[in-house]
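Just the one chain here, the form predicted on its own, laid out as structure tokens.
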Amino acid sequence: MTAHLDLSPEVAAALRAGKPVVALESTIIAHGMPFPQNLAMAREVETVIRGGGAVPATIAIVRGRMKAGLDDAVLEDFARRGAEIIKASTRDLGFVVARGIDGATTVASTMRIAALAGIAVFATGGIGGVHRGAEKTFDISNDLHEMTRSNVAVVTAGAKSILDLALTLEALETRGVPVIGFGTDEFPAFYSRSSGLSVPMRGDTAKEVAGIMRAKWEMGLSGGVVVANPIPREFEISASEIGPLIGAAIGDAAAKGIEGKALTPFLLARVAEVTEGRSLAANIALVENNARLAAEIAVAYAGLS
């Protein structure tokens, strides 16, 4: 696969020198937010990572080439075209590359490409997981499978709150994926700091998290690490408020027959609509917060190495 991978000059130089690099996904740009907020978010997140002493590496597939590190023109193109661009998980990589087309990478495919590039830390908004009603639909995100394959730490505000969080944690445990609550003993619920669900381990500093990453991979225990970082308190939407709105949005999706890859973008957009933009502001804030922490972890991990 590395024959199909291009690193930007900045990312390549940083990796050669052993400097900290943070991967970023492109689905959040193309499918997670409307224009122009998505473009402003993408630019700001890269700025936050640079401010934290690391190099940002936004990942996407551009005209059939897997890219780690995008220039501003490509960021803007992905932000403007949005849903026109294929949402590419790992199963889609061969198709998108062979066809020579563009693809916005999900958490799973971003992890795979980051691992190929040698990038150990990835900042996102929320990971995928087990969807509500999965006992009937079998709708379980490939993000969970990729967590068993790619040696990448994923800094996230928990799993997206449109999911079944208890089953998602159970699925991560079954797959042997460490879930570290950053400064918390509770699994965050994306828009909300609290889910009522405990995390199996806790880390209070970036250095502690970096140490866990290093020990895990040095022992030959392959696969990812989930770093669950709660949304900043001032942007939180409580579970009691957001829960019924998400339930109503899921009902709307079912009535419209929306499922598969289209489901999450629909639900996020619907919740943003009914919260009059509060959920979008929360989403942007938690992504920036995760990027800030990811830069700290990348710096600490590079220091250990």
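These numbers were taken from a predicted model, which means no experiment stands behind them. The numbering used is simple: start at 1 and walk along the sequence shown.
The same protein also exists as the form predicted together with a small molecule; that form is not shown, yet it is the one meant from here on.
Any non-hydrogen atom of Val107 within 4.5 angstroms of the small molecule in the model of the complex: Contact check for Val107: yes, within 4.5 Å of the small molecule in the model of the complex.
Distance check, Thr58 to the small molecule in the model of the complex, heavy atom within 4.5 Å: No, no contact at 4.5 Å.
Any non-hydrogen atom of Gly128 within 4.5 angstroms of the small molecule in the model of the complex: Output for Gly128 is yes: heavy atoms within 4.5 Å of the small molecule.
Proximity of Leu268 to the small molecule in the model of the complex, heavy atoms at 4.5 Å: Taking the distances in the model of the complex, the answer for Leu268 is yes, it comes within 4.5 Å of the small molecule.
Complete contact of Arg50, Asn229 and Leu293 with the small molecule in the model of the complex (any heavy atom, 4.5 Å): Looking in the model of the complex, the three residues Arg50, Asn229 and Leu293 all stay beyond 4.5 Å of the small molecule (heavy atoms).
Heavy atom contact within 4.5 Å of the small molecule in the model of the complex, the stretch among 214-222, 68-76, 172-180, 120-128: Comparing against the small molecule in the model of the complex, the contact stretch is 120-128.
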